[in-house]
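What follows is one chain in structure tokens, specifically the form predicted on its own.
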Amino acid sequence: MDWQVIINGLLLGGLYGLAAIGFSLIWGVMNIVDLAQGAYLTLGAYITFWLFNLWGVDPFLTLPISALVLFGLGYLIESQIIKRVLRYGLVMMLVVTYGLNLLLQNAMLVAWSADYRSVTPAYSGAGLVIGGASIPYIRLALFIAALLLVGLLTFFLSRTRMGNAIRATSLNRLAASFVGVRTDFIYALTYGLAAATVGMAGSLISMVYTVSPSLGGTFMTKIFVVTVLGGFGSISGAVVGGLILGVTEALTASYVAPGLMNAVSFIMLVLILIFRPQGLFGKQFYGVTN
């Protein structure tokens, strides 16, 4: 077994898991499929790119800025748009979020063109060697940052008053409202948190992938597969699902054929839907799980 391949897969899978958390969180709490997550990821990547190239801000220091901008945008979109169409069901929500994705993607295309851009800090080429396996510092830092962000979100959801309100709303919105939870606010807060999370994932991804308006579309397929694999609404499932997909893709690219790497995602999606529709960690009657 080539440990270099496994390490590469794990480092990539950490980013997949972080990118999928917002999608999974929205499904678990609001019971909707949000196809605009890819656009939020791309916006996070562009925020990091412009801050780095225009003002020399270290890419890791742009994470809180991406989070704040995307949280505000997500909160606004939910309270002004998503909230108004929730009652019309899943199909209408798919149409609306897909339309939002197209709108934001084309706005980025008009504003910044389709040129491919990259974020290359001075330390991007450095790395360490352990047992013959090379680990780039930047990819290791991205993996650690992704796990820290996941840990912070998990702590917020399980240990804070607002997090408990989100969990209560995910279990039963009506019952939560009866005990004083402002469920409309919780929905907007959840959507904002999801947008902030995927925006930070985009900031991290910009350091290892080229940035263009189509970046989110590339990752949207991965996000959906990881969410289904881990279980809708499960944060820990999203992380584990991301790691599994990352390692599987790395092994496929190395030992089968690089061109089949993306096909693996669809194969895994079909298999998990056939044999375990609730995913690895999903539960039939619970939304946000740990």
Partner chain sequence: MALLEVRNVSRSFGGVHAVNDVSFAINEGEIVGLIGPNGAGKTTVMNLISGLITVDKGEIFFQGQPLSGLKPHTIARKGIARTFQIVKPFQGMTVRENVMIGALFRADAAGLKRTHINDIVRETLALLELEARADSPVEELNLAQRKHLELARAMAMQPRLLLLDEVMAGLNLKEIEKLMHLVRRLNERGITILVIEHVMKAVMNLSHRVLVMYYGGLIAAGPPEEVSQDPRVIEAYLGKRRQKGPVKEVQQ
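Just so we're clear, the structure is a prediction, and the values are computed from it rather than from any experiment. Positions refer to the first chain, counted from 1.
Below, we turn to the form predicted together with its partner chain, even though it does not appear here.
**Q** Please tell me whether any heavy atom belonging to residue 176 falls inside 4.5 Å of a heavy atom of its partner chain, as the geometry stands in the predicted complex.
**A** Result yes; residue 176 sits at the interface with its partner chain in the predicted complex.
**Q** Does residue 171 make contact with its partner chain in the predicted complex, using a 4.5 Å heavy atom cut-off?
**A** Yes, residue 171 sits close enough to its partner chain in the predicted complex that at least one of its heavy atoms falls within 4.5 Å.
**Q** Does its partner chain get within 4.5 angstroms of any non-hydrogen atom of residue 161 in the predicted complex?
**A** Yes, contact at 4.5 Å.
**Q** I'd like to know if residue 117 sits close to its partner chain in the predicted complex, meaning any non-hydrogen atom pair within 4.5 angstroms.
**A** Flag for residue 117 set to no.
**Q** Of 165, 145, 153, 220, which residue is found within 4.5 angstroms of its partner chain in the predicted complex when only non-hydrogen atoms are counted?
**A** In short, 165.
**Q** State the residue from 181, 149, 135, 189 whose non-hydrogen atoms include one within 4.5 Å of its partner chain in the predicted complex.
**A** When its partner chain is considered in the predicted complex, the option within 4.5 Å is 181.
**Q** In the predicted complex, which of the stretches 208-216, 153-161, 67-75, 120-128 has residues with heavy atoms within 4.5 Å of its partner chain?
**A** Of the options, only 153-161 has residues within 4.5 Å of the partner.
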